[in-house]
Each structure stands twice: as C-alpha cells, then as structure tokens.
Ligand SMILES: NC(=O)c1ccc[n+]([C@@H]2O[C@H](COP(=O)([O-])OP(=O)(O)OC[C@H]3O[C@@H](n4cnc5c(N)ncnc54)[C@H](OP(=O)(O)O)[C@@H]3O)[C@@H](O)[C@H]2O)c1
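Only one chain comes next, encoded as structure tokens, the form predicted on its own.
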Amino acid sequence: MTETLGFCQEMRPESCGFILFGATGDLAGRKIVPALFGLCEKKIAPKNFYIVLAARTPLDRAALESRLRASLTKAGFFPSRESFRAFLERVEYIQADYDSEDFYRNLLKRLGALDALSGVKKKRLFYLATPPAAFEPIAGRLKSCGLLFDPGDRSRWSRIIIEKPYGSSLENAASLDDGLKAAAAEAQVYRIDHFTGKETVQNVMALRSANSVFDATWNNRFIDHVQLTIFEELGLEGRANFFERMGLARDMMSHILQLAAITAMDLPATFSDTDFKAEKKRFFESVRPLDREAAAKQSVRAQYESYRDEPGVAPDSAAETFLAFKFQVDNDRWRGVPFYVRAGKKTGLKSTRIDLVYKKPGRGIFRSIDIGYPNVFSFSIQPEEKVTFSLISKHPGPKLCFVPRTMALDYRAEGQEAAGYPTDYERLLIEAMSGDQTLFLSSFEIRFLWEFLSPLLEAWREAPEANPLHPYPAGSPGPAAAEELIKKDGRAWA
C-alpha cells in the first residue's frame, strides 16, 4: 500500500569536506564513523563530499581500512565489498599533532587539494571528537592558519562541532566557551546532544504543532505532572576514568534538560533555528533553580552496589550512578505542574521516555470517583521508538468496570521510509552540513545547564549528611528513596 504524505520539508546538506579530529577515539568509532557511512549508504550524503580522519595514532592504509570495517561491524553494518570501497574512496587519514603549526599548515594545503578533486568550494565541517581541553587550542590554530573563515562570507563556510561534556563546572564551562568564541563566532559552533536528533524526540514538537487536539491540553489545566526517564542497562563499559571524574549528573544533565525543553517549551512561530532557540531560551529562563535546601528535599543520588568493584573505580568512590529530582517551571503554561526526573545506570533495562500524566476528570459523573488509571501520553525514545496514549474504557460485560487501553504509533512498524530514515548522529550531521543550528545547543543553554546543575553538586559535596549516596542493587530501578521522592506527593513512577 502506498502511503500518502502531506506537507514535506527536506533538509539538503551542502557539498563539503568533513574533518574529524580524534578519529581513532571511542566516540569516533562508536558513533561518528558509522554515521558517516550511514549517510553514504542511504544516499543522503552530499553529492560532493570527502572525509579526512585525523588522529595522533600512526596508521597505514591497511590498518585504517581494518579499523573502519571493525567500527562498522560493531555498529551493526555489514557493508558489501562495493559499498565499503565506495566509502573508502571518500576517506583519507592524516596523522595529527594538534600542537604543531606545521600540522595545520599541511592540513590547509591538503584540504585545498581535496576541494579541487571533489568539487567542494571551501566548505568544511570540523568535528572535534577530542577531550574538551583540546577544543580551544584546536579552534585557535584553525583560525590562525586560515581554516576558519569569516562567517559573513557567503561564498564559503567553516563550522565546528563539539561534543559533551561541555566542561566540568560552571567556571570551567564558561572558560571553555570563551576560548571557543575567541576563534569562532556563535554561528559557527555546533554543540551536539544526540538526543535532539532522535526521531521520537522530534515528534514531540511535530505532534503538538500539527494536531491541535494535543497542544490544547498541553498545559497545567489538564496535565498533573511530567516524568522524564533515562535508564541504562549497562554499567561503566570501560569508562571508569571518565565516570570517576564526572559522575552521572554531569554526564546526563544535558540530555535531561533537552528532553524537558522539547517537551515543555512553547511552540515557536516557525521552525527556523532562530525562533526555535528563542522559545527554548524562554523555557529555560522559567525553570525554577534548585538551591541547596531544595536540592536536599527534591533530589536523590545513588550508586549501584557493585560500582566500587569495577576496574579503575576507587574503593571509597562517591560518584553517583543514579539521579532523581523534581523541578518546577514558573510560566503560565506549566505553573504548578511538577517535573520528575530519573536517570541511572545498571537499572535492569534500557529505557528513555517522556510521560505526561493527565489529571482525572474535573467534571462529569466520574469527577469524584477514582477510576484507577490516569491518561498518560508517552514518548518512548529508546530502545523502542513509539508514541502511546492511554485511554480509559469500559470493560466488556454487564458490569460498569474500567480498564486502560492504549493507542500506539510504532516508528519501526509504520511508514515505508522507517528502515531508511537517518539515525540521531546521521541527522545531526545533515543539519550541520546544511547550516541549521535548530537541534544544537546555544551558548546560553550551556551556561544554564551549569547554573542549574551547580547547586546540586555543591549541596552533595558540602552537605553529604543531608544528601546521602544511597545504594541500590544492580538491575533494579534505583533506590527506595527515589520511589519516596514521588510517592510523598501522592504520585508514582509510570
């Protein structure tokens, strides 16, 4: 059966060169290289497109090809000989010395030659898959060697993608951002959070804006509370050094706040990046900050019981692997509606979801009766990609009994293009190649993230007796204290 499509708007990436710093690192192997191959395999890469992989590791061509094939296989790709060769024809490897001016001068010459060979007209996307401490020096040298162009020059462009963590504290993040701004304009910096590229996350806004029946009830007149859940089945997976320094709150807060904003921000006048970011900024400005007293009452931190047995973890580690907290939004749409958040590792399942729980009927014959089930609008982001709405209906039979029923939209089962739509990283690379910053974080959002998170971290550090590190069994959905956080408000986790 042919699916009839209504309004369609396609993002078309511009022909460009893609330069990946840190190309032999974990992030590059797990996410970026598979995304680049996926764009080529799905025929959505730019027409004229080349890839330069740069890293400190010495690699000959055979070792590079073996490494790339291993990355693709691990990511679930099993390319044919022809498609792998076609991908390799776009790829070149350069051993990097990020501290050497000669490296950047040689890179400038090589990119000029590749532009000429590929028909690319000085349009370049630099992805810094490096530790955050390297962002500023790399950006500075790209600028000084003529690899970052004036953003006002419409005949050519250069852009930088950076990946979280965006610093480790408010002061550190501000310094990192100032260093980037010394080399690149805000319009040239693309701060990636891959959650914003997920299909189901984007459909939150699409469903609201295209279906008035939903947006009309998307407010405190109808919604009782909102829940955000980010659960991971796995533990550290070799990231002990990172996790001991950062902990789960620093690692996850960007994801949490992006999900909150996509869920609760007002609809922009248009889907231009300017209007979208303006509404997102208004939402963040209305989020009530948590001070130390609120942090003690409205947050729970925990660590799974076998965490300190993990290789590389200190025997007395205080790094949290679980976080739950409540916050409020002081605007006309959401005032009085609590937002509850859970995020954790080793929780027994992988699940990222948004749940909007509706109030019980305020009028009619059932207004004084507890039917037993609320209406819940749920967006399952991973591992499933599904939107569901729970309804209450009469159970068949002679008695008047109510049961919950579910309407569902399953992205994996619906639509002819489901198998070929871009993954989160693929989509974000397309957006960056197109010059659209809608799904990327602004400088304001980075500052807000740290201003919101810092009081929590400070309260945990300076008043541990009021903010204990609760234990929880690996494979469980967190400590009992997280259940109590929402239970004391007369509610329960979805």
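Heads up: residue numbers just count along the shown sequence, starting at 1. As the structure is a computational prediction, the values presented were derived from the model and not from experiment.
Omitted here: the form predicted in complex with the named molecule. The next part is about that form.
Asker: Specify the contacting stretch among 52-60, 37-45, 437-445, 463-471, defined as having any heavy atom within 4.5 Å of the named molecule in the predicted complex.
Answerer: Result of the contact check: 52-60.
Asker: Could you work out which of 129, 257, 302, 180 is the residue within 4.5 angstroms of the named molecule in the predicted complex, going by heavy atoms?
Answerer: Checking each option against the named molecule in the predicted complex, the one that comes within 4.5 Å is 129.
Asker: 165, 338, 268, 235: which sits within 4.5 Å of the named molecule in the predicted complex by any heavy atom?
Answerer: Exactly one listed residue reaches within 4.5 Å, namely 165.
Asker: Contact between residue 360 and the named molecule in the predicted complex at 4.5 Å, heavy atoms?
Answerer: Result no; residue 360 lies far from the named molecule in the predicted complex.
Asker: With a cut-off of 4.5 Å between heavy atoms, is residue 98 one of the residues that contacts the named molecule in the predicted complex?
Answerer: Within the cut-off, so yes.
Asker: Does the named molecule come within 4.5 Å of any heavy atom of residue 307 in the predicted complex?
Answerer: No - in the predicted complex, heavy atoms of residue 307 and the named molecule never come within 4.5 Å of each other.
Asker: With the partner left out of view, is residue 477 within 4.5 angstroms of the named molecule in the predicted complex by any non-hydrogen atom?
Answerer: Residue 477: no, not in contact with the named molecule in the predicted complex.
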